[in-house]
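Listed next as structure tokens is one chain, alone, in the form predicted on its own.
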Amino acid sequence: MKRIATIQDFSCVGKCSLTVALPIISAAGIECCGIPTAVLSNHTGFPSFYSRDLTDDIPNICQQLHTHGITFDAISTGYIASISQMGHIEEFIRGFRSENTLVFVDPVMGDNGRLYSQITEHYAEKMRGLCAHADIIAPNLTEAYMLLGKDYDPEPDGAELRDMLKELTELGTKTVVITGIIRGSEIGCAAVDGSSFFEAYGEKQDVFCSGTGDIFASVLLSAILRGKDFGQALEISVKFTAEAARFTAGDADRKFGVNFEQALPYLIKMLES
């Protein structure tokens, strides 16, 4: 069985980060090892929350995993709370990466044209450095513009998207996926893998809540490790995210996140087909 280490925070309540990655990657038939960067009572979409930072624990976790000879087929990152955490994560990647280890970075910094309150230009510069360690990066549209140091455009045309994807590979990664691209009644992604360009879109639901990007990233990485080619992995990720959003569209209270659990049989079916 293949094994993924995913490095991000854990919310006791609210579906995002590790509480999304663990069940989705496990349902895909892959062992998911969570490396928690913080523990939260509930995610930050609630009016208040308690959080315990685990930055200083990451090197000790890393040391113990080395002691036991643990290896990983992939390492993925999600939301990173601080620059100091980013340094520990770079050390983790250097320490556990082998010739066949896939490194996937989701550079979580903002959405809908807005950066999260604690994100600074210095943080973004460090994130560019982390992306240089990755085989695949998957920014949303807001994050893609931030990584490139450009002003946000909510509806870039196809030529601009291709240019952005090419520029993002110059950070040092071969494969780039830009998510959250809206085309009329559809939403999806554009990507470049080497010299090949891809797009994948699905029906846009009237759903905006925490965890959607985490769902997409978890499915994409799982599909790749299950042996799907890159185009198939993108299609599966878009279709599953849209299906999970459909199960959430009728909820009046969406602070708990996307109801992806109900769509897991659909994911398993697509991966097996």
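Everything numeric here is computed off the predicted structure, so don't read it as measured data. If you superpose the two forms and keep the largest set of C-alpha atoms that fall within 1.5 Å, you have the rigid core. Numbering starts at 1 and follows the sequence shown.
The protein also exists as the form predicted together with a small molecule; that form is not presented, and the subsequent description refers to it.
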>> Using a 4.5 angstroms cut-off on non-hydrogen atoms, would Tyr79 count as touching the small molecule in the predicted complex?
In response: yes
> Is Gln232 close enough to the small molecule in the predicted complex to count, meaning some heavy atom within 4.5 Å?
Replying inline: no
> Is Gln205 close to the small molecule in the predicted complex, meaning a heavy atom pair under 4.5 Å apart or at it?
Replying inline: no
>> Using a 4.5 angstroms cut-off on non-hydrogen atoms, would Pro36 count as touching the small molecule in the predicted complex?
In response: no
>> Check for me whether the small molecule, as it appears in the predicted complex, comes within 4.5 angstroms of all of Ile7, Pro23 and Ser218 - heavy atoms only.
In response: no
>> By the heavy atom within 4.5 Å rule, which residue out of Cys189, Leu147, Ile89, Val108 makes contact with the small molecule in the predicted complex?
In response: Val108
> With the partner removed from view, which of 232-240, 25-33, 40-48, 63-71 is the stretch that lies within 4.5 Å of the small molecule in the predicted complex, judged by heavy atom distances?
Replying inline: 40-48
> Does the distance between the two CA positions of Gln232 reach 2 Å or more between the shown form and the other one, the core being superposed?
Replying inline: no
> Does the distance between the two CA positions of Gly45 reach 2 Å or more between the shown form and the other one, the core being superposed?
Replying inline: yes
